[in-house]
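Given as structure tokens, the chain that follows is alone and in the form predicted on its own.
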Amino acid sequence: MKKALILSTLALLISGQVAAKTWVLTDTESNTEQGNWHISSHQLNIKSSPFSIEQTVLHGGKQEGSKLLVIKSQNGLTITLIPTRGMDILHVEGFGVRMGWDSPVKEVVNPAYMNLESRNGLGWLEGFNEMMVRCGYEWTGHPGTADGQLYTLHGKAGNTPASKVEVSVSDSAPYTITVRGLLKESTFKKADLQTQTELQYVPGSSQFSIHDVLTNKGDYDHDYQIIYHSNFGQPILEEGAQFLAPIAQISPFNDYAKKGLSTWQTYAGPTKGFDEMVFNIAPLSGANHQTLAAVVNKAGNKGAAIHFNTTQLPVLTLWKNTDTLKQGYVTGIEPGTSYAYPVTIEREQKRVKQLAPGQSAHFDLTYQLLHSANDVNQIKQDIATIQGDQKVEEVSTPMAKE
């Protein structure tokens, strides 16, 4: 490894922080851009839990200039992030299971080739293929118009290249890998929101954590919304797969979803002509406001779970899109501050939040790959504990009309 690639070594022993080596891959302020880059446990003389971290710049078609940052743990997960698309996660693989899906969009589209306002505000769909995409933060939800502005589908964060990207590896066991990115949503006379994203992974484990900090850098109060659009297809999703979560109330997003309310817990196989069904969920939480949601296969030995905090992310959206395999057979588990209605409706229903100047909001999630019956059974037990004796209230009327 060239010495020039190691841009800094941090001795973060203050306040109990573990010493770590850090590499800055992108920094707009210093005009730093590493491009193709690689580091491994072997190069760092780490003997346990072999791993590698590699950034690759893609070429050709609409993915020209896009970047992939891949964490590969020999005995654990392979996590693929997209620094040029909001630090989103393309897919995660490990233990014979994949978290992600097969979108008709095969390329990792560079935002330079995106027009979010096309298709009456649905241009976001022309790049949509991630396992996890940040929908926000200035706004999210379905397209809508207010005060002469078109609010496009699911905001801009997921199509914003990171202004700064850095990778850290702690100097002692368990050699935690941390990837940080800085997203800027800054518009003259409008917003100045910045989000510091962080992904942490311990090599060899079957889970990773997300810690995002959104800060209002402006001099005026500003709205914010976020939905962590987390998407799963085969091999987890199949006929007879189940959605699991502790729930206080569930309701259909619109009239089309009404006919699926009686079977919201289970999934159909690929079905031609199936339009998307969306359900609004009020989740229950346990100690310290922690909760979780999961999707598991029919046999109950594969799945994906998301752990989150309901004070940070108080609502949950379930998206069932069991269309054909080529069209996109996928389900979404989406913790958020808002449901997927247009921002105008979310404002009316007082779910749009605000940050004062200099104020920050924190979002913490843990994604867990389930690769055994024991894993699935433990998740079911955790959900049952939070649910307790409370029955799920099924409300047949959508809470709003678009």
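Computed from a prediction, not measured in an experiment: that's the story for all the values here. A residue's number is simply how far along the shown sequence it sits, counting from 1.
Unshown form predicted in complex with another copy of the chain; subsequent notes refer to it.
This chain is displayed without another copy of the chain, yet in the model of the complex the stretch 124 to 132 from 124 to 132, 196 to 204, 242 to 250, 299 to 307 comes within 4.5 Å of it by heavy atoms. The closest heavy atom approach of residue 28 to another copy of the chain in the model of the complex falls within 4.5 Å.
At a distance threshold of 4.5 angstroms between non-hydrogen atoms, residue 351 is out of contact with another copy of the chain in the model of the complex. Using a 4.5 angstroms limit between non-hydrogen atoms, residue 168 is distant from another copy of the chain in the model of the complex. Mapping the unseen interface onto this chain, residue 368 falls outside it, with no heavy atom inside 4.5 Å of another copy of the chain in the model of the complex.
Taking a 4.5 Å heavy atom cutoff to another copy of the chain in the model of the complex, the contact residue among 288, 149, 311, 262 is 149. Screening 324, 75, 254, 178 for any heavy atom within 4.5 Å of another copy of the chain in the model of the complex leaves a single hit, 324. Residues 101, 103, 104, 105, 106, 107, 110, 111, 112, 113, 115, 117, 118, 119, 120, 122 are the members of 98 to 124 with a non-hydrogen atom no more than 4.5 angstroms from another copy of the chain in the model of the complex.
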